[in-house]
Every structure is written in C-alpha cells, then in structure tokens.
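Below sits a lone chain in structure tokens, taken as the form predicted on its own.
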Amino acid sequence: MTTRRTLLKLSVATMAAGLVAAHVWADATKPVIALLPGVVDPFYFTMHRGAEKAAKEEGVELLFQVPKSWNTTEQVPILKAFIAKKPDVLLVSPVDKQQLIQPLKEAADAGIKVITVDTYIGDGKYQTGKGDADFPLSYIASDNTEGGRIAARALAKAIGDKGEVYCEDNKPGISSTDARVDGFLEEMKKHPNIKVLDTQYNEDDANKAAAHIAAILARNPNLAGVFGANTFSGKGAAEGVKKAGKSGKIKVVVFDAVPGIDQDIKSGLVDIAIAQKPAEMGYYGVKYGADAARGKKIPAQKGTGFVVLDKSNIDGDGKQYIYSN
C-alpha cells in the first residue's frame, strides 16, 4: 500500500526536474505558466501531466515545483520564488484559504495572473468585486461539497441506511476538505437512522487516523462506517479498521483514487473511493491560463466532476481514474 514516505521517495526525480529556473517576462506568443500544487501526492502529479498536455497544445512554457508537505511554511517560499521569476500566470492550490490570501495578492500586484486549482482562497467566488480574495481570475476544481454529498449517499447505502458513522479529516481551514465534510454532514441529515459522530482531525498523518478508529471503537463499538476526506485520512482509517478486524463490517469510503486503490477495493480494505479528475484540472488550468495571458476573458469557475469507484467498476471503466506518480 502506498504510504506518505513512499510517495516522497517516488517524487524525488519529478521534484528535481520541476525546480524553478530563472525567467523573465515572456512574449505573448509563448506565455510562461507556473504550477504550484499543495503537496507531494499522486493527485498533483496527475494534475501536472494534464497541465503538460495543455502546455504542448498551447505552446506555453510550464514551470512546476511541489512542496514536500501541506503547510504554509513549505508553500509560501516556493510561491515567493515563483513571483521573483515573473511568470505570466500562476496556477496554485492554496494550502489555506485565509493564510494564502496576502501572499497571492502579492503575485497579483506584481502583474501575475492568478488561477486556483483544486483549492481556493476566501470563499472561492472570484471576480465579484467583493472582499479581499476575489482577485484570482478563475477557480478550477471538483465541487467538493457535492463530493461530500456523494460520499455520504454511498456510505449510507453501504451500511443499509442505519448505524453510526464519522468523518476522518486532515485539519480545519483547507477549502477542499472543509467542503467535503460540510457536504457529507449536510447529506447525512437526510438519513435519520444514521448517527454522525464528531469529526476527527489527523494533520495528514495516516497513523493518527488509524489510532482514531481504535479510540472511537472503544466508545462506539457499533461503528458502521467512516468517510476519509482526503488521501491520508482514508488510508489511515482503512488500516485502523483492518487492525480492529472489522474490514467489511465497518464500511470505508475514501476520497481520491491513489495508486493501489484498485487492490484495496478488491481486497476489501476499502469499500468505495470517490475519484476526482486532477488531470482535467491541470489541463483546463493551463488552457485558461494561456487564454488569460493572451488577453482573453476566462470563466470564473470550472467544475471537473467525480467518479465513484467500487468492485463493480474498478477493473473496468473506473480504472482510468486512478491517479499515478
């Protein structure tokens, strides 16, 4: 099974290849677009490949560097280095919807067009003329609130629409996972025979997520299901269920389709995965960025959708949606 440490090892070559090179303002025929993801993760490497495809089609230069961990202390220095290189467009997955407002405003003030992908700043509603976080030109991502609703419906069906469930999440303040949890909780209100326990936060530590399962089972031995709101939350929760000898009895729904999810589903470690389409986020990010750099107006929002993966489709049409390193 892919762990965070393994992901870091797999990414070394990719990170080295993507280090920022010195650059000056490009001419209009070959804009420069910088892609700054959130963390070392197959999701963002899949996004990068989508961005590379669009870059070739559009004839733009694509810069890429990925932080080693999900926090502002890792992302902001890379952001400042990108600003110093003066690309035409910055595609960024902000790691915090409030703390990244000012650093990204510095990019915009430097004349760099800002587009957010996967995550957003403020409330994600841009070009409205309201608030201090509406300056990005576009937000390209899954509708994470709807993704949470989809996860809730899938889990409710898997547990026979009754029992106790909870959300395993990274930490508050991240726009994407906050929205997934909100959507999950909102949808579960429509299922009166399901009791939702308090959300647990693991700070992207799968071991903590696994430990939460043990602690919750000590208090709630009839736990029926868990929703992991991001990669490490889902994998950790699944391992916790396995250690408790409850695989198959406690249903596990995970967000994202990391490498190996097909084997996890077929083995019963995970019951359902909600796959996003990160390649499309990267692809449309560069497409929109190229248009913006060339003076064209772009949509303020673009949704990229989901695919629900389970045993019925993981060896068929669903396989193409698994992320890769």
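This structure is a prediction, so every number in the text was calculated from the model and none was measured. The numbering used is simple: start at 1 and walk along the sequence shown.
Quick note: we don't show the form predicted together with a small molecule, though the next part is all about it.
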query	finding
Proximity of F227 to the small molecule in the model of the complex, heavy atoms at 4.5 Å	no
is_contact(F232, the small molecule) in the model of the complex, heavy atom dist at most 4.5 Å	yes
Distance check, S176 to the small molecule in the model of the complex, heavy atom within 4.5 Å	yes
4.5 Å heavy atom contact, D256 and the small molecule in the model of the complex	yes
Non-hydrogen atom within 4.5 angstroms of the small molecule in the model of the complex for each of Y44, D118 and R180	yes
One stretch from 283 to 291, 58 to 66, 35 to 43, 264 to 272 that, in the model of the complex, holds residues within 4.5 Å of the small molecule by heavy atom	35 to 43
